[in-house]
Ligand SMILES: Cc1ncc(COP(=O)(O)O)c(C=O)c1O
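Single chain ahead, written as C-alpha cells, the form predicted alone.
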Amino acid sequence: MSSPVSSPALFRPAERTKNYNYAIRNIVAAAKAVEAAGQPVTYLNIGDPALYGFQPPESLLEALARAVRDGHNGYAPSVGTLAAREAVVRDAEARGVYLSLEDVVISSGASEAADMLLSALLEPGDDVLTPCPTYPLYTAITAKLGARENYYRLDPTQGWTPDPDEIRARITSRTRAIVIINPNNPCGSVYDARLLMELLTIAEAHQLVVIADEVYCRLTYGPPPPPIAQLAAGMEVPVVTLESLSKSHLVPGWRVGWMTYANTQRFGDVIAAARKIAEARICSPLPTQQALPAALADQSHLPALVEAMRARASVTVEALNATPGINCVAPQAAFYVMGQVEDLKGQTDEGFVLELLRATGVLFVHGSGFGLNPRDGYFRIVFLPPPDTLREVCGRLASFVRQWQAHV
C-alpha cells in the first residue's frame, strides 16, 4: 500500500497570514519549552489579572450566576441586549458623553469591536495611523485585511506621548483612521486634554476616523483623562470608542466589551457595514451581557484595585531604575511598564528576552513585538504579581543583566 505523497504546494496558508503576529502570546511557546525542560517560568507577558490572584467583585459574580440560573443562555441581539446598551449609555453620560442606544454595540471584548470596525472601514492598501509601541491587535487586524499600519512614534523622553507634527507628516492619501490608545498599552502613559484636542483637530482636518481605545480609562493613578468623544463634541470627526470590563472588572475571560459611535453625521455607511458584520457573527455571550449593568452600576472595587496597581508600579519602576544598564519611564495607568536594556551588545531585544527566559525563568515581551526597533532594547513587564514577587523577579533580571554585560 503506497503512502500518501506530501506536497508542500498543495495546501498553502493565505499570504496575509505571514504578517499576522501577536507577540504577547506567540512568545509563550518558548516559555513552554523551558518548562518542559524542568524549569519553572514566571509569566509576566500577558495582562490577565486572574493569573495573579485577582478576582472580580462578588456582586458581579452574583449577577452572572443569576443570569445563568434565570435562563439567559440563548442568543442575544447582534448589537447587544437593551439592558446592556442602556447601561453603557448611562455610564457614558456620567462621564460627559451623550449617546443614543443606536450608538452602542456590545462585543466579545474590545478586541472583537476593533476587528468589526476595521473590517467595515478598510480596503486593501489603506493605512491606519497606529502608535509605536502599539498594542499588537491593531497591526494583526490590518495585516489580515490587506491594509497596513502607519506607525507614529511615542517618545519615551516625553512620557511615551506622540508628536502631533510627526503625525501630520505621516498622513497619506490612503490613511483612513488614527488609533489613540489612552491610557496606553504597552507604556502606561496618559495623554492630557490639550494633546487629545491636537490629535482630534488633525483627524478632523484630514477626514480621519478616530479609534479611541479607552479600555484602561478606569485604571489611572491620577485623574482620568477626559473621554475623547467628550472632547470631540461639536466637531466633524467620527469617534469610535472601544471599552471592556476585562481589565477594570478583572474578567478578561468573560469577553464583554463594547464600541460606541460619536459624531456620526457622515459615518452612517460604516456603521451599517459594521452592523452587518455583527449580525454575521451572531452575538456576544448573553450571560455576561446580563452582568454588564451590575458592573457599571457598582464600581466600588476600583479605588483598592488602582492603589494595588500603583504600589506594584512603584516597586517595579524603582527596581528597574536601580539596575545598572536598565531604565524605564514610570507608568501613569494600567499594569505595564516598558523597560530598556541600554546596551544589547549587538543582539536584538527578542534575543535578550529569550536568553533571560532560559537563564532565569522570567518571561517578558520584547519591544519589537509592539513595533519598536529590535536594536533599541525595549521589553514590556506586566506588574500584576505581588510586590515581593516583583522584587524577586527584578533581582533575577539584575543578576542576568550583570552577566549579559560582562559576557555577551
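Quick caveat, the model's predicted, so the values are computed rather than measured. Numbering starts at 1 and follows the sequence shown.
Although it is not shown, the form predicted together with the named molecule is what the next lines describe.
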- Exactly one of Arg255, Arg148, Arg310, Lys144 has a non-hydrogen atom within 4.5 Å of the named molecule in the predicted complex; which residue is it? Arg255
- Listed residue (Asn185, Thr139, Thr260, Thr316) with a non-hydrogen atom within 4.5 angstroms of the named molecule in the predicted complex: Asn185
- Counting only non-hydrogen atoms, choose the one of 95-103, 297-305, 243-251, 269-277 that falls within 4.5 Å of the named molecule in the predicted complex. 243-251
- Met116 within 4.5 Å of the named molecule in the predicted complex, heavy atoms: no
- Are any of the heavy atoms in Ser111 no more than 4.5 Å from a heavy atom of the named molecule in the predicted complex? yes
- Query: Is there a heavy atom of Tyr152 lying 4.5 Å or less from a heavy atom of the named molecule in the predicted complex?
  - Reply: no
- Query: Looking in the predicted complex, any heavy atom of Tyr191 within 4.5 Å of the named molecule?
  - Reply: no
- Counting only heavy atoms, which residues in 334-352 are within 4.5 Å of the named molecule in the predicted complex? Tyr336
